[in-house]
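One chain comes next, on its own, written out as structure tokens in the form predicted on its own.
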Amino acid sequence: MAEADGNGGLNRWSLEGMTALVTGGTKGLGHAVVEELAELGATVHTCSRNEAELNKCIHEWEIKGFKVSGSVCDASSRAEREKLMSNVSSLFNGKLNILINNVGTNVMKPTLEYNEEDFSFLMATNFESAYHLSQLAHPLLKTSGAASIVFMSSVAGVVSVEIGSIYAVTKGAMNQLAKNLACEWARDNIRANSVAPWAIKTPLAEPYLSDEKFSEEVRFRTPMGRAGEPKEVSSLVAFLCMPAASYITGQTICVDGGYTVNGFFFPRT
């Protein structure tokens, strides 16, 4: 692994001069991450299945002065993932500093009600996409000389949360993949970490947080007494990509207001 000062002269608290791919960057956590990385100086490429949504976001980012481009891509499709990485390689001259595997979705059912289609869809979208994109990105990440992969996981991959067993399995797999890649690819100067949020105010979480019972449970079980904001996750993602985090790899870091350390929490009065 590269020495701590082997960052090409980059400011250790900046992403200036770095290139990044963020999957699913037009809404929720992905959108927050794109903006965070761009604000810190990175040149970012993102993707979405929705072309109109992608174009709208890119236009807004251009107005803000961010260096962000985008591709239409269904990350659950192997062929489209290969096309995406080919585009990224061409755009960034065969080098990539940052890969954020953010794409994810959920179908919430009791375990006995899931069918084969549900399983295949969630595994392909949440886990297979991250696994394959990491494989495809490896040559670009290695060539950059100092690279970071961040998997957008969930506390559901760390502890039991009643939001669907298949979703939880995909997130647990992401956490383990980060550990394996951290060990396998350290020699290539590639770090890999996993970020595991709890309830965050995103479009994916909105149906749950709008449910009064679930929302009350979040407040009761979370020591900080609230759901999180996307920026409270994107800041950690950005830090893990900085030269300042050069000795952090193979970790699963929860961003959860204390949820996963709460054995039996008495709410504040």
Ligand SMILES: NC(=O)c1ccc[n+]([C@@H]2O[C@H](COP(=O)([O-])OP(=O)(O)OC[C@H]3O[C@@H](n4cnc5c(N)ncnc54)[C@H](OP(=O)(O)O)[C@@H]3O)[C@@H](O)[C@H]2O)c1
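On a predicted model such as this, the values are computed, not experimentally measured, just so you know. The numbering used is simple: start at 1 and walk along the sequence shown.
Not pictured, yet referred to below: the form predicted in complex with this ligand.
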Every residue in Glu53, Trp198 and Leu204 with a non-hydrogen atom within 4.5 Å of this ligand in the predicted complex?
yes
Of the candidate stretches 70 to 78, 139 to 147, 112 to 120, 185 to 193, the one with residues having heavy atoms within 4.5 Å of this ligand in the predicted complex is 70 to 78
At the 4.5 Å heavy atom threshold, is Val34 in contact with this ligand in the predicted complex?
no
Is there a heavy atom of Met152 lying 4.5 Å or less from a heavy atom of this ligand in the predicted complex?
yes
Mark Thr125 yes when one of its heavy atoms lies within 4.5 Å of a heavy atom of this ligand in the predicted complex, and no otherwise.
yes
Spell out, yes or no, whether the shortest heavy atom distance between Arg221 and this ligand in the predicted complex is within 4.5 Å.
no
Single option in Val103, Leu181, Met85, Ile166 placed near this ligand in the predicted complex, where near means a heavy atom within 4.5 Å
Val103
In sequence order, which positions of 168 to 189 have a non-hydrogen atom within 4.5 Å of this ligand in the predicted complex?
Lys171
